[in-house]
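The data below hold one chain only, encoded as C-alpha cells and taken in the form predicted on its own.
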Amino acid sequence: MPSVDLVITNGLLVSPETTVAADIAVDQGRIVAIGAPGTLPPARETIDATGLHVIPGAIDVHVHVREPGFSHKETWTSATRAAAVGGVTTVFDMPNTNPPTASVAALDRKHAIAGSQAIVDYGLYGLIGEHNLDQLEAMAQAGAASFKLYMGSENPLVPCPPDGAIVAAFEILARLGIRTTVHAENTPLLTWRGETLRAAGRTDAAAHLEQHIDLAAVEAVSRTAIFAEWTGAKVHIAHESTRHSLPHIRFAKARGVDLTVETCPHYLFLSTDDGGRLGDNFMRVKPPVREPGHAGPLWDALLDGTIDMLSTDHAPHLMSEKTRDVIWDCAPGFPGVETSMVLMLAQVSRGRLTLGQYVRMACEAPAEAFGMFPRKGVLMVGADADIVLIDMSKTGRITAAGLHSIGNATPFEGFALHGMPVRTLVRGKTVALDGRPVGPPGWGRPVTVRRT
C-alpha cells in the first residue's frame, strides 16, 4: 500500500449530521481516505488526535484585511495569522481598501499582496460601483471570488450606486453565476438622519443607533430580495443585526429567492448594555449593535437556518481609533476572525448548540453558498485538507493582548472560553499550533469557486 503525506489518527470527526471515530489520510493537500482507526496507509507524518474533535476549517466570507491602504490597522500577514490561530482556513477580503478593488488592475495588485503574505486560503471581493459595471465580468475572469454591494454606505471610497446600476449589476452577475454580498442598509435614510443628528449637535453614542434605525436594514433587505428575484441574481445579506429583518428574510426564501444570510458574533453576544463595560463610543459598528431583545431571535434564526451562516465582519482598528470623544469620529467595527470559533465553542460547552451545528454554519454553509463545496467546508475524500483539531476541555479568556491582529480592540475582552482550536491545517500543512501561527508566508492560495 503506497504511503501518504499525513494521517490524523484517533480523532472524533464532526459533520453536521454525525460524530464518528475515524482516521484521515492526506496526500498532496487533499483528503484521500477516511477510515476506521488503524486502517489507513502508512504516512510520512502522523498527528495523534486522541481526545480531540476534528472539524473542517472555518470559512469567513466577511473579512476586512485592510491592505492596501490601511496597513496600520492590519496586513495580510497579521490577518491570516489571526485567522489560522482562530481555526479559520479561508477568508474572503472586502473591497473597501485604498484603492478599492474596483478594477482588474486593483484586483491583480491585491492578489500579489495576498499571495506573498497569506498563510490561509483566500478569496477577493470585487466592488460593485456605479461606474465600473463594464469591469465586473473582467474582474470575475481575473479571479474575483464574489462581489460586494454597499447598499448602505457613507464611505466615499465605496459609495452606494443608484438602483438602476444595482439592477444592472445583478443582471450581469446573474448571468455569470456569482453571488453578490450586500451591505443592506438604506443610504438615503442613513444620510438624512445622520445630517439631521449632526446639525442638532449630537455627538453621543446613541446618535449612531438613531441614525442606523432598524428600518434602514429592513427596507434594504427587502429591496435586495426583490431585485434578486427580478434578475435571477444570487445574493448574500451581510452582517444581519436586527430581528425585524427576519420575517422579510423568511418571506424571500419562501418565494424561492436565492438569498443567503450571515450574522456575526457581536450581534449574538452583545447589546447596547455593553457600552457601560466597554465605553459607549467603542461599541460603534455598522450596522450597529442594537438594544437588548435582538440577540435571542438572531440566535434562533441561526439555529433554524433562516440565517445560513456565521461570519465576523472582521474590521480591526487601533484602540485609539475606537475611543474618541465624538461618536462620528470613532472607527466602526471590531476584529473577529480569531475569536469567532472560540466564542461559539464556549456555547457548545454550555449546550446552546452542538458542534455539528457549528460546522454547518461556519464551514459547510459558506462553502455551499459561495461555490467552494465540496472542495472546502467538509471532511470527505477529495476535499482540501483544511482541518482543525479542537480540544473541548481547554479553557481560557479572550484578551486584546493575546490577539494577532494589529488592530486588536476587541469587544470580547475577558470572555471566558471552554473549547479551543489547538491545531489548524490548510491543505494538509499545519499553519497554527497551540495558539501560535506557524504557517509560512505565501502558503495561502486564492480559492477556486464554482459558478452556476
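Don't overthink the numbering: it's just position in the shown sequence, from 1. Fair warning: this is a prediction, and the values are worked out from it, not measured in the lab.
The discussion below concerns the form predicted together with another copy of the chain, not included here.
Ile398 falls outside the set of residues with a heavy atom inside 4.5 Å of another copy of the chain in the model of the complex.
Among heavy atoms of Phe373, some come within 4.5 Å of another copy of the chain in the model of the complex.
Put simply, Gly164 is close to another copy of the chain in the model of the complex: some heavy atom of it is within 4.5 Å. Another copy of the chain is not shown here, and in the model of the complex it never comes within 4.5 Å of any heavy atom of Ser153.
Looking at 260-268, 307-315, 79-87, 220-228, the stretch with residues near another copy of the chain in the model of the complex, meaning non-hydrogen atoms within 4.5 angstroms, turns out to be 220-228. For the candidate set Leu197, Met380, Ala174, Val348, a heavy atom within 4.5 Å of another copy of the chain in the model of the complex is found for exactly one residue, namely Met380. Proximity to another copy of the chain in the model of the complex, defined as a heavy atom within 4.5 Å, singles out one entry of Leu133, Ala205, Leu303, Val104, which is Leu133. Each of Thr18, Ala22 and Val32 is positioned with at least one heavy atom within 4.5 Å of another copy of the chain in the model of the complex. Residues are counted as partner-facing when one of their heavy atoms sits within 4.5 Å of another copy of the chain in the model of the complex; in 173-198 these are Asn186, Pro188, Leu189, Trp192, Arg193, in sequence order.
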